[in-house]
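Here's a solo chain for you in structure tokens, the form predicted on its own.
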């Protein structure tokens, strides 16, 4: 494939509707809660007695309310972790809340969370560990895959709309000494059938793990990457014999996944955006010993800016305690984060301003469209994007320390290099530069009192678009 053809092909890759909806969530919560909460471990053995599970004051509404006040838009619940204990009364196992003393075996944590999310206007997602250290069928691949699909069916038919099914790739040896062969294609097909709008995340075709659990995003976080970064993409398109083979060594932690160099020669590219995940505490489940190990407000805001603000999403884990509540220190930390984000993005000073450009496709795609607020109205450079300029006139001087940019990603990810300038004392001064914009790029710089802000597109693939230009 010629270099120019390869770049044009990359520019043509666009997200699905479910990926677009997922991307708009930007910031959402993981809830790790289950048997491990009561045994004080991160990974259970599967031999735990269901009698141990007995939260005295479980309050999913508290979780949901806190998530909402923290600026998050969704919750993903660990419905079953590796120990195999189910937070819903599954008909397919004896290792569930049905056999616990909590609510005399009549409780359903999944239902309480789904209901709480609806009450507070949050999306709800499910995590179902593929590894089950309790079930004796694990390792008997065919039988266990049937069992796993039955449990997926319960979760995806009994609790309303699900925005995401979060699958990790955990795989251990079964009690029979055999390794389980997961039917990933079958799992995906079932999810698509039962919840067609749900994204399949991390070990799946829709959303990519960023490659670490520290909340660290790449400086260039591309959404268009070679197919081999989707770990189970039908064993890398086995029916397509002309697809470029993956390199001998590649890792989800690779620094560069989507630049011209990284995609060179690959004739199967996919839209595969990144999710950045980390936990408020050191661990994922609640441990009293970690009550003083919470991430600071400055650390949390830095992760937010370097994930949501760098074309990723931010999945932040919260850990309810044995009572079934998020403890006071965690609540204070999250409310502080929510308040800080409200302060940082309190007023978009670019509203009702004027944007001019030095080129555009047509009048319907002129620079002013970047301020429209309608996601389907945007500036388009035309087919000569390099050197395009957008100048924002705020109408008066304001103290500014950040701008927010977004591409119209329905037409692909195009921008490869850009710079931001402020008009200071009659001259343009560069204050920020970057590569990827994608769904959202937050550019921060030292606070300055300015009226004019300029964005220059230094390099793009086939054209350039901007659907959002905000100033704070």
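Because the structure is predicted, anything quoted here is derived from the model rather than measured. Residue numbers count along the first chain shown, from 1.
Unshown form predicted in complex with a small molecule; subsequent notes refer to it.
(message) Given a 4.5 Å cut-off on heavy atoms, tell me which of 356-364, 115-123, 276-284, 191-199 is the interface stretch with the small molecule in the predicted bound form.
(response) Careful reading of the contacts points to 276-284.
(request) Identify, from the list 208, 380, 95, 81, the residue with a heavy atom within 4.5 Å of the small molecule in the predicted bound form. (result) Selected residue: 81.
(request) Would you kindly say which of 291, 386, 213, 256 lies with a heavy atom within 4.5 Å of the small molecule in the predicted bound form? (result) Contact with the small molecule in the predicted bound form is made by 213 alone.
(message) So, residue 401 and the small molecule: in the predicted bound form, are they within 4.5 Å at any heavy atom pair?
(response) Although the small molecule is absent here, residue 401 would stay clear of it in the predicted bound form, with no heavy atoms inside 4.5 Å.
(request) Evaluate residue 38 for contact with the small molecule in the predicted bound form, applying a 4.5 angstroms cut-off between non-hydrogen atoms, and reply yes or no. (result) Output for residue 38 is no: heavy atoms all beyond 4.5 Å of the small molecule.
(message) Using a 4.5 angstroms cut-off on non-hydrogen atoms, would residue 170 count as touching the small molecule in the predicted bound form?
(response) Flag for residue 170 set to yes.
(request) Look up in the predicted bound form whether residue 147 has a non-hydrogen atom within 4.5 angstroms of the small molecule, and give yes or no. (result) No, residue 147 sits far enough from the small molecule in the predicted bound form that none of its heavy atoms falls within 4.5 Å.
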